[in-house]
Every structure is written in C-alpha cells, then in structure tokens.
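Quick setup: one chain, the form predicted on its own, written in structure tokens, and binding and motion questions come after.
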Amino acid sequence: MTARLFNRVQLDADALVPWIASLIVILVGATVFPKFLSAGYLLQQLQIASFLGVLATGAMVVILLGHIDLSIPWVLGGAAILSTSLAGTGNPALVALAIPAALAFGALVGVINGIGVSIFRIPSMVWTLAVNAMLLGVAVLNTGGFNPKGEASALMSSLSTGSTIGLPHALIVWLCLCLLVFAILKRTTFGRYLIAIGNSEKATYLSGVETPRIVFGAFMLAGACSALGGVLLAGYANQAYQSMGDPYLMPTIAAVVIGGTSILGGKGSFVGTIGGAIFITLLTSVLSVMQISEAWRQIIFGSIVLSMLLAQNLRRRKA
C-alpha cells in the first residue's frame, strides 16, 4: 500500500513538472516580449499547442504500451494531403468525406503498424519508421514531389482557426479528445489491459488477454490522432504541403516524455502530457522571439528528452 501511494505521489509530481516549467517560460518570455502575458497571445499559444497536443495524445497511448510510433510525420502529412485533395474538388459529397476519409486513413496505417508490431513481432521503432518512409514514397509518387493541390474545407478551417466565446475550436477539439481517451483508459477493460501490457506484455498474455487486439487498438487510435492533427494543421494553413509533419515528431515525443510518461510503458499522465504540449509550444515561441535558430531548437528539444529519460531511469533505480 505504501509503495503504491509513493508511486502515485511520484507520478503526480512528474505530471507537475511541465506545468511548472511552462510558468517559468511564461515569466522569462514576459521579460523579453511584454505582450507574452496578454490573454490574446496566450490563447493563440493554446491554439497552436492544440495541434501538438492532439498528436501527443495518440503518441502517449502507444508509449504506454512500451512501444513508439515514428510514422507520425507522414500519417499527418498523408491525412492533410487526402483531406485537402477531397475538399479541393468542390464536390459536396467529397468535401463531406474529407475529414472522415483522413481519419480512416490514419486508422488504416495504425492497423498496418499493429500488424508489424503484434503479429510479426518487429520492434515498433523499426517498423513504424519503415512505414513512415513508405508513406513518404507514396506521397511523392502522388504529387510528383511538388506541393499537393487542394485546399481546406470550411469545416477544417473552422476547427483550426475558429473560436467560440473566445475559446479556440482547436483547443476544444483537443480537450474533448483528451476526455475521450482518458475515459477509454480509465473506464474500459481496453485501457486496463493497455496499461498491463506496458508493465508486462508476457504476463498479460499468460493471464488470458488477447494482447495483439489491444496493440492493434492502440496503434489505430494513435494513427487516427495523427490524422486528426494533419486535418487541423491543413485547416490552419488552408493547404497541405510536403513534409509538413516532419517538425512535429520530436516535439510530440518530448511532450509525452516531459509529461511523466515512462518510455518503457505502463505509467503516464494525461495531465502531464497536456502540460508537456503547452510547455513545448511556449518554449518554441520564446526561442522564436529570441531568434534562436532551428538547429539550436532541435538541440534543446533533444536535450530535454534525454534529460527526462535520465531522470526517469534514476528514479526507477532508487525505487
């Protein structure tokens, strides 16, 4: 009982880290850019954080399994290309299918990832990276290497850039997604089995659980989240473009790890992941204001992820 309570307190403390870090970034940002504390600017940052947050929500589900999904960039890009291509036709029936088709595409890629990881037993890092490369090839064949034609539908633009009573629609979408996934993890057998697999897949399988089915479901959910992120980003930019998902892979993983989710699976916090996405977004904004180059931003993100992994490993040894 004492050990469980200690682990719970430790996990809650891990979830607080990105929120405390976000507050520090806001205070530092305010000294460089006074408008950083304005409500309008902070709401804009929450809107931008929502795109990263949607991706991180799906990535967290897979990481809770003890796996990782490196196909995020081109699931995002493929969904954006597919949705804008359908919306750009002007055909009302195809326009209405733009978002559902993109989400179905993401779920289908998730199924492919699930097959490789759970059936063929290929390490998720290798399999999903290969799938990402193949999706890149398919996109290049489809577009000839040029930016794809098409544009975002009115609904896509509204979800990405609209607001209701001052709250960005993208933020509302993100929070609704978090509530849905949180309910799945906490209130369903699927969620309980997913956590169990993250702690010990072999023990979960020997207890009679069909672990491949859970892995399939997790990767499908992650793929759909990546696709939703692509739809939102396409709506925000009013178009899809080549490699639009590439800048989001490292920040997505960083947001999950910073939020206290163990990269080995079995432990995590949605509150922490939300805080991680907000922290990464605010940090990026401050670095942009300070005119830090993209190269140094990537070095900083990588350093943060490595630091969190080392801290998690140290806590595991002490426990």
Partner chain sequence: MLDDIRTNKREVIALAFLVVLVSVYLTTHPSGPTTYVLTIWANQCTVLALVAIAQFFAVLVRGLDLSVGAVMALTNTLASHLLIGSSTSIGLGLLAVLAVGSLCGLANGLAIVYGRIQPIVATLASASVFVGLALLLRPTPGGEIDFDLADALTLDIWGLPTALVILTVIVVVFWIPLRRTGFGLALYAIGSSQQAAFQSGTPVARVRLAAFVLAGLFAGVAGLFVSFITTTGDASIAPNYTLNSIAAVVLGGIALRGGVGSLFGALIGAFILKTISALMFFSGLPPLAQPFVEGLILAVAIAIGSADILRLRNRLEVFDR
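A quick note: this is a predicted structure, and the numbers were derived from the prediction, not measured. In this text, the rigid core denotes the largest set of C-alpha atoms whose superposition between the two forms falls within 1.5 Å. Residue numbers count along the first chain shown, from 1.
Just so you know, the form predicted in complex with the partner chain exists too; it's not on screen, but the next bit is about it.
- In summary, the region of this chain contacting the partner chain in the predicted complex, judged by heavy atoms within 4.5 Å and restricted to 223-231, 135-143, 171-179, 100-108, corresponds to 135-143.
- Among heavy atoms of Val305, some come within 4.5 Å of the partner chain in the predicted complex.
- Contact check for Val62: every heavy atom lies farther than 4.5 Å from the partner chain in the predicted complex.
- In the predicted complex, Leu309 approaches the partner chain with a heavy atom inside 4.5 Å.
- Among heavy atoms of Ile253, some come within 4.5 Å of the partner chain in the predicted complex.
- Interface residues of 187-226, taken as those with a heavy atom within 4.5 Å of the partner chain in the predicted complex (partner not displayed): Glu201, Lys202, Tyr205, Leu206, Thr211, in sequence order.
- Core-superposed comparison between the shown form and the other one: the C-alpha position of Val25 differs by less than 2 Å.
- The Cα-Cα distance between Arg297 and Ser243 is lengthened by 3 Å or more in the predicted complex relative to the form shown here.
- Compared with the form shown here, the C-alpha atoms of Ile304 and Lys35 sit at least 3 Å closer together in the predicted complex.
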